[in-house]
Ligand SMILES: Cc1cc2nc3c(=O)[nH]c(=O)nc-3n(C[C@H](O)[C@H](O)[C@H](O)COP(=O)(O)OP(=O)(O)OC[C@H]3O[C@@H](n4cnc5c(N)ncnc54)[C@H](O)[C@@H]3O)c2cc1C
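Here's a solo chain for you in structure tokens, the form predicted alone.
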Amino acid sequence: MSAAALSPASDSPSAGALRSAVVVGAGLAGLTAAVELAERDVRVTVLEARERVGGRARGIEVAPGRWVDAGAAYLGDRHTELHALLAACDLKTAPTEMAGAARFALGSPEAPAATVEGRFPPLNAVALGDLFEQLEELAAAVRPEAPWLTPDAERLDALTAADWAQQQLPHPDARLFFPLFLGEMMAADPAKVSVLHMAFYLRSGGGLRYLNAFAGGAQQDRVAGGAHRLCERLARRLLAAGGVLRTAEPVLSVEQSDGEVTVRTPEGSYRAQAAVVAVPPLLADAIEYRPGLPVRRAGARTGRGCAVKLHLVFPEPVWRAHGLSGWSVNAAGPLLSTVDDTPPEGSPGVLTGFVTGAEAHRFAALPPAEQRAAAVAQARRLFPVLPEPVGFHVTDWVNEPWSRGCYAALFGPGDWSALGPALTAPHGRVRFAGTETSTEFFGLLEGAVRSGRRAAAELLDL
């Protein structure tokens, strides 16, 4: 594959407006930035390590023409930039189906699951109320635009969420539920994230109640046909605007000299006036920068989002006929929670399972046959009406080399203090995007869109 060389005469900084840019990463953030630039007459080349676009938005076809989200999926009414982008790409949303009772298996693995109307766990209500109040107080105190300037930030950033729970949650029911809640919200092991990061994540996403809610909350809707369709539409817009998209080209280095940027891959070199690096922090840190970054994109304790997503496919969503929503929360793995992800057309029935936190690492290490056997056996204990699934899909984000975790990177103790002030800082002619660079809706699709638009606007201001 030939290198894309741009002539110094037409692309020199003195020529006026930005004329050329390279975008590293064809996830939602990178494609948003690329389209913003390309549709303003900037020549854009997008380089993507995978053989597909979408990044952590990935679709799985569970039946002919019926797709589900193997990665990022949900959105709510506060996700205004995402809604606007969906409308511009002529895509619709579909409500998340939550009618019916929930199932909770919070005792021993042998104990029967409880059927509960609504989603409040059958645990001590006072203890859980105290847990939620403490989390809301922590989130309310965070400065979302600059978490490292939060009052008492140094202490909160040094303390793990597990240590905080040990100190602040005397009731066993609260201690039982806390890691399940954190796994569902952040795909995090409490021992691996700082209290400051936990509190910031909740505040950035709109608060605990909004993040945790379906109707009226951050999980109210899905993109009809899958969130990956948005990235595919953006890729088409990029090409229609004259942009270039190259897949299966991981970036090795980003070099700056004489007012231009050279991005190197195993296939060649791409020169432009500026660049956007729109990949997760652990991947951005693996790129060689010349000159080097003054502050790295990730620290020694920055972790991968701990998520494995499973889809069990049935001819119909049989649980609905028995008054069940498909929602469950479970103290033992592998399925720590499940949700009904049946396509809007009503079939096939899709029960999605989330394996998160420390359990995700254990489950990901199992052979495929053992993964299926464990997941199907647990699903049948939760929903005894289930037949044998006609399809079974595993998406292992923990070990995915070009994501290094999902939902988002996990900031460990000390990360916000060390990395936060440089999170969105320019590096010469390089800008950074990705949901982890957004202090609004960090870790969500909305955060990815906002970060891409910010990075593009910064380059256009060059």
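The model shown is predicted, which means the values in this text are computed figures rather than measured ones. Sequential numbering from 1, following the sequence displayed.
What follows is about the form predicted together with the named molecule, which we do not show.
Among heavy atoms of residue 333, none comes within 4.5 Å of the named molecule in the predicted bound form.
Put simply, residue 181 is far from the named molecule in the predicted bound form: not one heavy atom of it is within 4.5 Å. Residue contact with the named molecule in the predicted bound form: residue 413 places no heavy atom within 4.5 Å of it. At a distance threshold of 4.5 angstroms between non-hydrogen atoms, residue 21 is out of contact with the named molecule in the predicted bound form. Using a 4.5 angstroms heavy atom cutoff to the named molecule in the predicted bound form, none of 188, 338 and 361 count as contacting. Contact with the named molecule in the predicted bound form, judged by any heavy atom within 4.5 Å, is made by just one of 297, 103, 304, 309: 309. This chain is displayed alone, yet in the predicted bound form one of 85, 72, 272, 198 has a heavy atom within 4.5 Å of the named molecule; that residue is 72. Between 278-286, 139-147, 160-168, 93-101, the stretch whose residues reach within 4.5 angstroms of the named molecule in the predicted bound form through a non-hydrogen atom is 278-286.
Contact annotation for 237-253: residues with any non-hydrogen atom within 4.5 angstroms of the named molecule in the predicted bound form are 249, 250, 251, listed in sequence order.
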